[in-house]
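Heads up, the chain below is alone and in the form predicted on its own; it's given as structure tokens.
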């Protein structure tokens, strides 16, 4: 990790591939989006179920809230996985038949 703090081999300085950085930034943006959608969805469903229930009187989650969040998170990732697999299969089939984007 010396490259982060200016140490290391100076001859490789400036040899960072901009395409790789762009891909990493895009991946980070996608991961952040998934996380934000997960938090919003499960918070709305499990914690802020009524408009008057936005006060946090407990420091920790209640047992029901905790169980709900566990289940919500598991379902969210299961659905996300299935959608990704389905889209990948559809993309592969479309690419193989040459009808991608039609």
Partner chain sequence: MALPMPTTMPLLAPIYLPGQEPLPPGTSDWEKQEMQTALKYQKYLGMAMESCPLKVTLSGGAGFALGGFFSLMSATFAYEDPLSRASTQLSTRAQTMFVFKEMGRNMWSSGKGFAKVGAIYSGVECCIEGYRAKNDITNAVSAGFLSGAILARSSGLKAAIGGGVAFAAFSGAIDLYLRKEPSE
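Residue numbers count along the first chain shown, from 1. These numbers were taken from a predicted model, which means no experiment stands behind them.
Another form exists, predicted in complex with its partner chain; not displayed. Remarks below refer to it.
- Contact check for residue 44: every heavy atom lies farther than 4.5 Å from its partner chain in the model of the complex.
- In the model of the complex, its partner chain sits beyond 4.5 Å of every heavy atom of residue 38.
- Contact check for residue 75: every heavy atom lies farther than 4.5 Å from its partner chain in the model of the complex.
- At a distance threshold of 4.5 angstroms between non-hydrogen atoms, residue 21 is in contact with its partner chain in the model of the complex.
- Comment: its partner chain is not present in this chain, but in the model of the complex one of 79, 25, 87, 94 has a heavy atom within 4.5 Å of it, namely 25.
- Looking at 60 to 94, the residues that come within 4.5 Å of its partner chain in the model of the complex, counting any heavy atom, are 61, 62, 63, 64, 66, 67, 68, 71.
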